[in-house]
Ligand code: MLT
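So this first bit is one chain, no partners, the form predicted alone, shown in structure tokens.
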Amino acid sequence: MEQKLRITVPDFPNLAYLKTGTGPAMILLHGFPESGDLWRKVWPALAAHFTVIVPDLPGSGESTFSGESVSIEGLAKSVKAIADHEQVEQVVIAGHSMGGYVALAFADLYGSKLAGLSLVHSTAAADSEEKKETRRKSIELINKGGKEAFIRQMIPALFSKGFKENKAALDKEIAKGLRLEAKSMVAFYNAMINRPERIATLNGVSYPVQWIFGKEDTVIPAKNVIQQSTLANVNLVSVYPEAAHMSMLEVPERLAKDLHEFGQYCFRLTR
């Protein structure tokens, strides 16, 4: 049974998350400019084997944050607050894109709680100076009232050529992106600009690390990240030839299968 739950903790007056399934815990963290709903085609298959927790990160979906800004570390603390509320001792976390940055911050802060870490179209590197400047220009556009133009340009670039041929599906994702408040867009982009490199976080870690790459991904190309997939003691790597940056929508069955197998492997190691 799926439940939508809410808790309140300092700095985060309203943390909303979905909980479904039974078994060891798996947390799914969405990227920008999405909400937890991004994982809707993946969590039902996982819920047959795991207690699946899918937060709306603060500032997205039904979750909020105090003030005008957030940090990647603050978002990780909100995930920890949900895990503590659910009395989770060991967890596999899968983070997509920005959600991967949050998962890496969680690993930095609370690594002893991790049974495994899955980085789905994400990277442990910090933004390059060129990427930071691109984000700053986007912030300027959003602050001038150009949120809709930004989303309509950004969303299509996340998907494979095949997915973009389905105009109805693409329009649906654009509509979802437009629901995100301009305040949150700016806060998330500033958080990503200011995040540190976390490559050292993965050096020799004892828990397994999974890497999911999309062959058509132009946002975080596999060639830019593949060297990171040798850092942990145990690395599992999958390349999806038919996907770009959004495999949970482009090839959800394959992603669900890979996350299921990864989760089972991780929790066998903890027994």
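Residues carry their position along the shown sequence, with the first being 1. Please read all numbers here as calculations on a predicted model, not as lab measurements.
One more form of this protein, predicted together with the ligand, exists but is not displayed; see below.
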The listed residue (L231, V219, A48, I226) that reaches within 4.5 Å of the ligand in the predicted bound form by any heavy atom is V219
Given that the ligand is left out here, which of L178, M154, L141, L170 has a heavy atom within 4.5 Å of it in the predicted bound form? M154
Might S97 be said to contact the ligand in the predicted bound form, defining contact as any heavy atom within 4.5 Å? yes
The ligand contact at F106 in the predicted bound form, heavy atom, 4.5 Å: no
Whether G214 contacts the ligand in the predicted bound form should be assessed with a 4.5 Å heavy atom distance threshold; does it? no
How about K164 - does it come within 4.5 Å of the ligand in the predicted bound form, if we only consider non-hydrogen atoms? no
Of these, 83-91, 197-205, 98-106, 69-77, which stretch puts a heavy atom within 4.5 angstroms of the ligand in the predicted bound form? 98-106
Stretch 106-134 - residues with a heavy atom within 4.5 Å of the ligand in the predicted bound form: K131
